[in-house]
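In structure tokens, one chain follows: the form predicted alone.
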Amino acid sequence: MSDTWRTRAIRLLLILIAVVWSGFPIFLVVMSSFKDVREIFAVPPSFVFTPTLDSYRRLGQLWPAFYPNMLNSLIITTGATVLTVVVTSMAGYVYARYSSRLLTGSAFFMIFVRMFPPIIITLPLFPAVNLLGLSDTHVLLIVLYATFFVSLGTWIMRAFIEQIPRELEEAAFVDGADLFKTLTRVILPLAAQGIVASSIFVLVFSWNEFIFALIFTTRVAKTAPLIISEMLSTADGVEWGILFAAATIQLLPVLVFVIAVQRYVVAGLQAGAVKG
């Protein structure tokens, strides 16, 4: 075997190990959600069984708030993604087309702030949120989630917009287009790949986020991850079949979406690494 084939074989083996390591727990959760409760923790584990939807039926009966909270997650995730795309598209254009010490300093400040874990800003925010009457609202979580990813989204959009020739903008200005029309009809369509890439990150984060939702919501804006956490702390013990069913439902939409647009994730990471 030549060195080239040996190198490829090693790479494929490492990729296979990474896929199994990452995907096998997800596979077990999904598979267990279709098992009878008595078979979930059978030793040795059985991979051949008669599937049942009993856990999904009991999920709706015992945890009726799960599906409304899924709707909350959808509303908040959609709002945060749209807000992030709008803000980062405009900010990315400014950083790509203009330069000054102030802009450079603000760009590095965004990176510096992004390094802080979310839990650090929750305590100072809590009294301000209560004072403004925003506690337990969709708007609060939308703004928080969008703010948390503005820095990353801005750098991604800056990288993509920098690749668009300035001559296209100049031609649009010559034709009588103002800045808004140039941005919406010329720049953003050409930077669509960057928009999708930046939106994916905030979408995945918003859909699965737990800390902000736990601290700032109680009932109205409660999200699906909070219900799943409550399933782990019931006084009667954990109903593992129901828990796995809820986790499967909560995981499925974002998993399908990420798989469908994974090439944009790679493009966004490469843009951030090369141009940032």
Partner chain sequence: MWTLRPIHYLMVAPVHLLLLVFIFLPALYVGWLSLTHSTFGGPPEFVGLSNFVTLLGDRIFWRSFWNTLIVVNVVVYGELALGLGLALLMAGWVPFKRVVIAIILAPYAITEVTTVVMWRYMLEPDVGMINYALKSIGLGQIEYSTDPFTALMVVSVLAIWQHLPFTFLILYAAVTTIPSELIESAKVDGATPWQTFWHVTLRLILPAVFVALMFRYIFAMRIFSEVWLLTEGGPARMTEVLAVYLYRQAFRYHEFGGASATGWMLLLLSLVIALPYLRAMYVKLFRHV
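Only a predicted model underlies this, so the values are computations on that prediction, with no experimental measurement involved. Positions refer to the first chain, counted from 1.
Keep in mind that the form predicted together with the partner chain is missing from the display, and what follows is about it.
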The partner chain contact in the predicted bound form: residue 169, any heavy atom under 4.5 Å = yes
Determine whether any heavy atom of residue 120 comes within 4.5 Å of a heavy atom of the partner chain in the predicted bound form, and answer yes or no.
-> yes
In the predicted bound form, residue 125 touching the partner chain (heavy atom, 4.5 Å) = yes
Partner proximity in the predicted bound form: residue 102 to the partner chain, non-hydrogen atom cutoff 4.5 Å = yes
Can you work out whether the partner chain is within 4.5 angstroms of a heavy atom in all three of 70, 74 and 195 in the predicted bound form?
-> no
Can you name the residues of 9-26 that have a non-hydrogen atom within 4.5 angstroms of the partner chain in the predicted bound form?
-> 11, 12, 14, 15, 18, 19, 21, 22, 23, 24, 25, 26
